[in-house]
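The form predicted alone is given below as one chain in structure tokens.
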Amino acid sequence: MFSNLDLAVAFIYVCLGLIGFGVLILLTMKARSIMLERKRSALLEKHQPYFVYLQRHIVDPDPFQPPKGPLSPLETRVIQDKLMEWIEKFRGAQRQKLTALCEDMDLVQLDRKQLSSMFYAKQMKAAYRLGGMRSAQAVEPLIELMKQEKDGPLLHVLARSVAKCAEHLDQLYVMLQQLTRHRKGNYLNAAEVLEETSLDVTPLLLQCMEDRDHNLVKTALLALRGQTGVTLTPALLRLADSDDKEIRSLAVKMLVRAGNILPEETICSWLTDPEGEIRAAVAESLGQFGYEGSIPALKQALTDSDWWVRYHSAKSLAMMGDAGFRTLCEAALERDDPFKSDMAKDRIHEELLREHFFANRRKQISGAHTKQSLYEQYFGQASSVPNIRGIGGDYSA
């Protein structure tokens, strides 16, 4: 009994010792962090005249002069951090001038050596700093490390740094290949990484749209989402027939977004696509462009087996003025498909509530029918907003 008690007491002492040791480590790390921050603040103050010199001559055509005298490793990093901060703020000749200063101070060469370090953390920091300095000298070693690296945080940091430093589209193409070769989902990150470059990537994206690698095609489509030029239409129409569901979905969404380029019949035909995601995207976009000629197709889509297709079809009909709202009322009264009727009733209810809420905030055009008056034509007089949801609802998602 006493031996067990002694063992328990000893265990408690060991635990207390370990806790105390852990607290001591935390306090030591905190003290070291505070001391390092104070040193950095002191060095920033020490080199303030040099930073003032940089600010005053930022628009001069002559290159910057490096700091005079030897610098400690910490001083070098403090100045480098300040230069990287300014490089992100400036554009054009001013940014190039700051990058050239980083090269003249051998900061780029210092971090290029760190890329070959045995320590993962040092490689990560070096890759980040090389991207922050935006030096073309860093592109090749960054790409070489990408070729050796497996999928992980370092690969994404390397890709972002290559995008910042690249001077040619070929370098970005190799970066995209290396970034997307490991995992299918990396094309999402690849499209975001391309936003970091200062190059016009449109020619590269058009090239990627013709690539056999589906990940590169998806990257290009995601990166081009904000563009709807006529020049993209032929390639997008070809991709709209792709066997890959995601490629077809992205291409159709872009085409529908630029719907003024395509015949309305072509857009409505995609409401019969085998993929529900595509049908839903088309139904949503038709309402945004207000194609009243698509009202019959949207009414038919209210009977779709996919809940999101029915939802966006009803929402688009409500956005098409009196004609669309009349169609919703007619669909709500039809008994051939309960899903269609319930979804129409839900949308009518929401539209009436919205109109009732904003009634005092907007001025109605003289002679125009409100949704409330249209509702009364089909369902009779109502003293207040009717609770149509009580009749039923489409909850089949």
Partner chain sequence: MLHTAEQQSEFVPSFKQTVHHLCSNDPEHQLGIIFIHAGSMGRAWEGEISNWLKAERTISFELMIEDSHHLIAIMLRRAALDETHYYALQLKMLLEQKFAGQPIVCAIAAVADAAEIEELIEGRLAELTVGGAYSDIRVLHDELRPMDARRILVVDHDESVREFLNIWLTMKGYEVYEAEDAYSALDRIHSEPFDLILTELNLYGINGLPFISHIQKMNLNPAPKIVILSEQRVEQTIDYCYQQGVNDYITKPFSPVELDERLSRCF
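Keep in mind that what you see is a predicted model, and the values were worked out from it rather than measured. Residue numbers count along the first chain shown, from 1.
There is another form of this protein, the form predicted in complex with its partner chain, and it is not shown here; the text below is about that form.
Not one of Q207, D213 and K253 comes within 4.5 Å of its partner chain in the model of the complex, counting any heavy atom.
Look at 234-242, 94-102, 266-274, 320-328: in the model of the complex, residues with non-hydrogen atoms within 4.5 angstroms of its partner chain sit in 94-102. In the model of the complex, its partner chain lies farther than 4.5 Å from every heavy atom of M35. Its partner chain in the model of the complex comes within 4.5 Å of no heavy atom belonging to K150. Proximity of D106 to its partner chain in the model of the complex: non-hydrogen atoms within 4.5 Å are absent; the residue sits far from the partner.
Its partner chain in the model of the complex is approached by K82, whose closest heavy atom lies within 4.5 angstroms of it.
Residues of 303-328 are not found to place any heavy atom within 4.5 Å of its partner chain in the model of the complex.
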